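Form predicted on its own, single chain, as structure tokens, below.
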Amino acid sequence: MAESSAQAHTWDPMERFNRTMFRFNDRLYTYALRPATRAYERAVPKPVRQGIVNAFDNLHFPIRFVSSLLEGRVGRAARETEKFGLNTVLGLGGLIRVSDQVPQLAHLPPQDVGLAFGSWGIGAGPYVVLPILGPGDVRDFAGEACDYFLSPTNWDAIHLGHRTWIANPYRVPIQSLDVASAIPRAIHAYDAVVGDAVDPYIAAREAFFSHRRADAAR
């Protein structure tokens, strides 16, 4: 990343607003998402839940592929393509992560457009907490907007290619499952960060920046 100091990573000029949004999200997690997560985990066996996560992770291949190319990592883009093909063909559409058995594909680091923007030297901008979406910085939220357009589950919504990518009866269920499958991991990660923190807001903020620095360094 282009920032050379820790201060650049923790610029929080809107702290009062951010704390208000943090409290709103915390209540949302407490009274809606956390109970829904417990119900989902009780109702759906762990292997099935993992298979769903694997399938959507595989489906988000275009995000990783394009982001790798934007960073000039052609070799990384090729490995992402190989991983996608292997998991799609041999892993039943990605339900089984066959690529975990291939050393050069098993531990490919996270990749998204926000990280690509950082590699170009674009500054992170101020830290922002948004309702429902949670914490981020201006650069990452811009990257997430690009990720949205790159995700195949959204191609019908943006009329990409003026064709149907997902048959209409399945479109909303698939889009909903895509979002819902990520919630349990997000809730567990959130609880791990803020559970025993003296100031949960600061803990969540520092965890966000630490996580993104680690992703950028890989």
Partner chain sequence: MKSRLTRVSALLIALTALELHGGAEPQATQPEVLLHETLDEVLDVAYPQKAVSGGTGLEQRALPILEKAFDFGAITRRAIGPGWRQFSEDERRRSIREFRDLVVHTYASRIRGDERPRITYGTPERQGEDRCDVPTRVLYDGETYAVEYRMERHAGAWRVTDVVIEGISFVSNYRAQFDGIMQRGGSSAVIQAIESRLAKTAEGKP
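Positions refer to the first chain, counted from 1. None of these values were measured; they are calculated from a predicted model.
What comes next is about the form predicted together with the partner chain, which is not displayed.
Using a 4.5 Å cut-off to the partner chain in the model of the complex, each of His188, Ala192 and Asp196 places a heavy atom inside that distance. At a distance threshold of 4.5 angstroms between non-hydrogen atoms, Ala217 is out of contact with the partner chain in the model of the complex. The partner chain is not shown here, but in the model of the complex it comes within 4.5 Å of a heavy atom of Ser210.
In the model of the complex, the partner chain sits within 4.5 Å of a heavy atom of Ala203. In the model of the complex, the partner chain stays beyond 4.5 Å of every heavy atom belonging to Arg42. Across the options 170-178, 43-51, 66-74, 157-165, residues that bring heavy atoms within 4.5 Å of the partner chain in the model of the complex belong to 43-51.
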